[in-house]
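Take a look at this one chain, the form predicted alone, written out in structure tokens.
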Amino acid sequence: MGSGHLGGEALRRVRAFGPASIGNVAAGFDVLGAAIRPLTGAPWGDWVEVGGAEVSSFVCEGPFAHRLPLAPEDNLALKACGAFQRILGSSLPPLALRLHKGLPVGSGLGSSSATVVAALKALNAFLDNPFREDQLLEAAGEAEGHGCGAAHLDNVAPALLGGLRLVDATGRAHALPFPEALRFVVVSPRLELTTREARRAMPPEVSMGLAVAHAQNLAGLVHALHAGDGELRRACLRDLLAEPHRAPLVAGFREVQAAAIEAGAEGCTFSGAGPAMFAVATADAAQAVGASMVSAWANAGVGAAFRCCELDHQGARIEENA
């Protein structure tokens, strides 16, 4: 961001919200993601406010601001501005940028993606929307790569665009259907696991047999969602690729997973890179599933809390533009 004379933009202010998200959604490592909205209680996500300024400034606040890098230039909100500027091909005007960090860091809830998409959505609106959705998604992927060490879109795509999204080989994000009667039960333990650490646990190569099984499982889930095949959906809500390597990193994982299934969940695994876990359950079973998971974690000596969520079909959104 540059510095210089401030004109008529002085009083303009745009505030955007980026929702929490579930990466991978069990079957789709790095290619499936779901934006989520709690059914009750406070929203789950980050807010970014962009305003005009004589000289660029950045403020970070909120309950989890203290967990972010001390150097402002390392913050993902500013990384998002840098990606925006690169794709725009010209310097941004001086900006007053404010991040309210509402999601915990290293939680498995798409914390970095929420910051990135909120910043991009606010910036695009402030500059009178020079970017299309595909350009915003490109910028989001670039900025997200700074947070986790690799550019992948399974969190930023749904956080930006809403819903359950499948990212194809060209970087386009396709909306998938998901039964309105189902809930995402998201359980957050008092643990931390960074995406970088979780990715280091993955092997550099997999066997031919596992590659085929993973492809069958992902294709089966996508087909089941389109066809409304509940039996196939339940069979495919599993993670063959990452879970076996990441489960040992989180105390009580297998016990929590078993408790969810016993309580009626269709499937249960890590939310993104973890340590949060999610289960898919009917609305009638969701509360019991969440309580069982929390209880299993307590038996493993880990405190946890759960929230029942639905898909957030809206994604990143402008909450104020004045």
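All values derive from a computational prediction rather than experimental measurement. A residue's number is simply how far along the shown sequence it sits, counting from 1.
The form predicted together with another copy of the chain is left out here; the points below concern that form.
Participant: Could you spot which one of Leu232, Leu191, Ala96, Leu88 gets a heavy atom to within 4.5 Å of another copy of the chain in the predicted complex?
Facilitator: Checking each option against another copy of the chain in the predicted complex, the one that comes within 4.5 Å is Leu232.
Participant: Quick one: from Leu249, Leu127, Val222, Leu92, grab the residue that has a heavy atom within 4.5 Å of another copy of the chain in the predicted complex.
Facilitator: It is Val222.
Participant: Heavy atoms within 4.5 Å of another copy of the chain in the predicted complex: which of the stretches 101-109, 135-143, 169-177, 74-82 has them?
Facilitator: Of the stretches listed, the one contacting the partner is 169-177.
Participant: Heavy atom to heavy atom, is Leu218 within 4.5 Å of another copy of the chain in the predicted complex?
Facilitator: Within the cut-off, so yes.
Participant: So, Leu237 and another copy of the chain: in the predicted complex, are they within 4.5 Å at any heavy atom pair?
Facilitator: Result no; Leu237 lies far from another copy of the chain in the predicted complex.
Participant: Does any part of Arg196 reach within 4.5 Å of another copy of the chain in the predicted complex? Heavy atoms only, please.
Facilitator: No, no contact at 4.5 Å.
Participant: Taking another copy of the chain as it sits in the predicted complex, is Met202 near enough to touch it, meaning that at least one heavy atom pair lies within 4.5 angstroms?
Facilitator: Yes, Met202 is a contact residue.
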